[in-house]
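Just one chain is shown here, as structure tokens, and it is the form predicted on its own.
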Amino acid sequence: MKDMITIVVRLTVSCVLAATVMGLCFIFTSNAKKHNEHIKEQQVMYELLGYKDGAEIPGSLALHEVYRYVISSSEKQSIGYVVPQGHGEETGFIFVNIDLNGVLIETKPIALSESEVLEAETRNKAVLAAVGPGYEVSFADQTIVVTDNGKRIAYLLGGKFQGFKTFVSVMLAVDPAFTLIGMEILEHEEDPGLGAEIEQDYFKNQFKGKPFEALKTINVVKAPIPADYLKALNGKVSEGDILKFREQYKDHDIYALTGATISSRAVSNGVKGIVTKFSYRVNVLDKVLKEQQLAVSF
């Protein structure tokens, strides 16, 4: 009997130790994974802004994260933003709640540090506390406002939309006039050799430099890409010639991928939807920030 008790105790201790080790490994692995994902995401952002191949990023450049939420109750719905402050001694974050007509409901300070705001669960709890009981909050998306010496120079927009098979995840960079600076395909499951070509430069670069007016009505055409334009899209000509072709084709529709018109149209419609909806939302947010004279970092 004594031997059995000793065996049980030893097995119990062994299991506890093993569980502790596994738990610690999971925590460290999870944190490392999050860190790596954040580094990779930042690399994509800077590359979309033109800082590629180890180009030095100026110290005057700053990325400001804005988080959008849908706030719902049994009676109404509104849009809430977690916005960074940053003028003088005012730092931290504020919650800005706006109704569907673009009218301010309320603003509240949120006690989150720069590291805490990156944690979805912590941020969600802070937003829920800000809106109070009787409401549900649902995270919608994140926008990065890019400034240089305090002046806005770009927005970085993440988005996801239906492709031919599953969802396509992208990141877009647009300037303050909503002209497309660049696009990166982050994730997709389109068919290799067909729809998967959406990640190739000759397709993605067709969107580069498209002004907002062109993006709002952009479509795809089923025709071969002109040979000289194809060279420019693939970077096979001088930078000056690339800019000339970009100017020449900036108001044109997108040339569909051969045998993958559905994937091509999905990306075109997805980009159109992301940019047009964002332009409306950011204009509403800017209007409220200006009217309320709220000091934000961007």
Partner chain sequence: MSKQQASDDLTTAKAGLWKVSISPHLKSSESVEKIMWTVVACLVPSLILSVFVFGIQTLIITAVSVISCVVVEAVSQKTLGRKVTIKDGSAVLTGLLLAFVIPPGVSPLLPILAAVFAIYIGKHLLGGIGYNFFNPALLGRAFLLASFPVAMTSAWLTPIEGFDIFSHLGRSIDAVSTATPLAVLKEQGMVAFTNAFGSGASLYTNFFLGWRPGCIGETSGFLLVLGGLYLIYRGYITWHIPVSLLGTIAVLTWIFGGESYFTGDPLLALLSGGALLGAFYMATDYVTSPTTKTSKIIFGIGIGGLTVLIRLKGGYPEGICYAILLMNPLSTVLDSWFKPKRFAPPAGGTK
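Predicted model, so just to flag it, every value in this text is computed and none were measured. Positions refer to the first chain, counted from 1.
The protein also exists as the form predicted in complex with the partner chain; that form is not presented, and the subsequent description refers to it.
The closest non-hydrogen atom of residue 120 lies beyond 4.5 Å of the partner chain in the predicted complex. A residue is said to contact a partner when one of its heavy atoms sits within 4.5 Å of a partner heavy atom; residue 135 fails this definition for the partner chain in the predicted complex, lying far away. Among heavy atoms of residue 109, none comes within 4.5 Å of the partner chain in the predicted complex. The shortest heavy atom separation between residue 103 and the partner chain in the predicted complex exceeds 4.5 Å. Residues within 4.5 angstroms of the partner chain in the predicted complex, judged by any non-hydrogen atom, belong to 252-260 and to none of the other stretches in 45-53, 231-239, 252-260, 59-67. 164 is the sole member of 164, 178, 95, 203 with a non-hydrogen atom lying within 4.5 angstroms of the partner chain in the predicted complex.
Taking the partner chain as positioned in the predicted complex, the residues of 217-235 that bring a heavy atom within 4.5 Å of it are, in sequence order, 222, 224.
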